[in-house]
Structure formats: structure tokens, C-alpha cells
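Encoded as C-alpha cells, the following chain is the form predicted alone, with no partner shown.
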């Protein structure tokens, strides 16, 4: 029997039981609403990952209903430098980030205690504490929730890819032929919608764990209040004489990695490129005066734009309902 198919079948059964198991593993509801304990963060212990991709399959399985369903043929874009980005025929790609694959397993062959070893670890959106994608989105489509999750609202995103340009890891990925631009300015707007990990925000709202955490057989990831996660990361790092990534990068993120080797070594060893982020040391991009000024200017405009987008979506939905009567 094909290994991938059998694993997918296993995941379907595992995820069906997530409600009780996930809620029992961590009391999430109050944190999810942004109450008392504040932002959620994820601890990723690189030592534990075996690269099985169970998390990748689970992410795709649970979030499939959020994936783009583009209309073809695509509108011709002006100017012509705005390129089509179409992953609809490559939805099975799992070795990088795409609009249909929000999590992938990265690997690095390095020396651990003098012995060559290949380390594997999940990569996805870092969910920055002060996310430039949300602060600098001119349409207000990207936003940070009170619980520390950053998500892109596909209903109002125009696919301009500003979020990818300002993200230190260039995480968001675009799919052409879907979204609001088709109704507003199909030849002149952003050419699609941007997609990335949203930390299974809808599951967290119900008190369940993100799918990738729930199905992991090695318990590589753990989610909880950020202060607690950072504290545990430092405890592990102290025990193994290890290293931490994400606590201070880009001013602080809600994804905290712990590694037995320096992240500079991991960064040199990983394959980098489109959809394959590195592990560079990243300064706080939103501490830069120009970015702060842009954010202040964009904020009210983005708020109005987002309101217009939501109103347009609502009116379109009402029109669709009336047409169906």
C-alpha cells in the first residue's frame, strides 16, 4: 500500500477525534480570546522532529476548505510585469510554501557534538509580535489577532504581495485568479490572494490545538502563553547547551525554535529560495523610522479599505442569495 495514502487515511481518523484530545491537552479558549494570559506562542524542539511530514499532511487536510479555487482563464494584467502565480495544478507540492501548502519540513545536515546529523524541522509563518505584513498592508487584509496569530483575510486581499515583500522570511504566497480583484479591477489590481499559515485560528477559537501540533507523533511542538513558552525554551536550551531562534528576531515572534546547534549553522545548511525561508538573524523591521511612518499613514487608509472590502463582499453575498431565489 502507498505510504502517503495510508498516512493520509491515518490522519483523517486522528483528526476526527481532535476535539476532546486537543482541548484536554491545553486549555486554550480564554487565551484564544486574548484574555488574561495574552499572546500564544509555539515552542518547536528541533531535536525531536523525525521529518515524517505528518504535520504537513494534517495542515493540508484541515485547511483544505480555505485553499483557493481559481477561475480560469486568468485576466490579462497591465502592466505585463505583474506575473501570474498559479499553483492550482501543483497542489501536491510539499517541499516549500505555496498557497496550498502552508507548512513544510526543512532539513539541514550539520555536526552535532562532532557527529554529522541531518536535522529536520517544520517551517511556516513566524507570527511576529509586531508583524510588518499586517502593519504595512495597504488594504488592511493582513491583521494580528489578540492571541498573537497573524492571518490574511482572503475575502478582502487583493494579492498585491506587499506582505511578502516586507516579511523578513518572505512567507506569504500568491494564487492568481481568485479573490476580490476579479470583481473590482481584474486587469489592474493585485492579481490574486496571498496565503500563509493562520495557526488554525478557527480551531483555537474552539479550544482545540492546531492540526500540526495535534497529530505530531514526536510532540515536536507545544503551544501556550508566550511567557511560558519562552521560559521553557530557555530551560531546554540551558539543559542541552542549545540555541534559541524567534524570541528576538524581528522584534520578537510567536514561534520559538530550540536547536542543539547555532542557527547560523542551520541557516548555512538549509536550502533557501522562493517558498523556502532561511534562518537569518533578523532585526526589528518595524523599529525603522520609515516603516513606522508608513504604518501610521497606512493604518487609517487600510481601515477604510478593509471596511469597503467587507461591505462589498456582504453586498455581493446578498446579491448572490437574491439571484438564487
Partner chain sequence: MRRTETRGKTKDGRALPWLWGILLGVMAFSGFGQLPIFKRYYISDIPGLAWSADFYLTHRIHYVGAIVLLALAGYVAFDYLLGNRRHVRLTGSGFVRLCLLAGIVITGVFRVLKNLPDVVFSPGFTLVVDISHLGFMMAYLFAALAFLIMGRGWVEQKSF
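Note that this is a predicted model, so its numbers are computed, not measured. Residue numbers count along the first chain shown, from 1.
Although it is not shown, the form predicted in complex with the partner chain is what the next lines describe.
Participant: Which one of 119, 237, 230, 77 is close to the partner chain in the predicted bound form, taking close to mean a heavy atom within 4.5 Å?
Facilitator: Checking each option against the partner chain in the predicted bound form, the one that comes within 4.5 Å is 77.
Participant: In the predicted bound form, which of the listed residues (221, 88, 129, 85) lies with a heavy atom within 4.5 Å of the partner chain?
Facilitator: The residue in contact is 129.
Participant: Please pick out the stretch from 240-248, 108-116, 143-151, 89-97 that is in contact with the partner chain in the predicted bound form, where contact means heavy atoms within 4.5 Å.
Facilitator: Looking at the partner contacts, the answer comes out as 143-151.
Participant: Does residue 50 make contact with the partner chain in the predicted bound form, using a 4.5 Å heavy atom cut-off?
Facilitator: Answer no; every heavy atom of residue 50 is more than 4.5 Å from the partner chain in the predicted bound form.
Participant: Does the 4.5 Å heavy atom contact test between residue 81 and the partner chain in the predicted bound form come out positive?
Facilitator: Because a heavy atom of residue 81 falls inside 4.5 Å of the partner chain in the predicted bound form, the answer is yes.
Participant: Taking heavy atoms only, is residue 177 within 4.5 angstroms of the partner chain in the predicted bound form?
Facilitator: No, no contact at 4.5 Å.
Participant: Even though the partner chain is not shown here, does residue 137 get within 4.5 Å of it in the predicted bound form, heavy atoms only?
Facilitator: So residue 137 counts as contacting the partner chain.
Participant: Check for me whether the partner chain, as it appears in the predicted bound form, comes within 4.5 angstroms of all of 160, 300 and 308 - heavy atoms only.
Facilitator: Result yes, every residue of the spot touches the partner chain.
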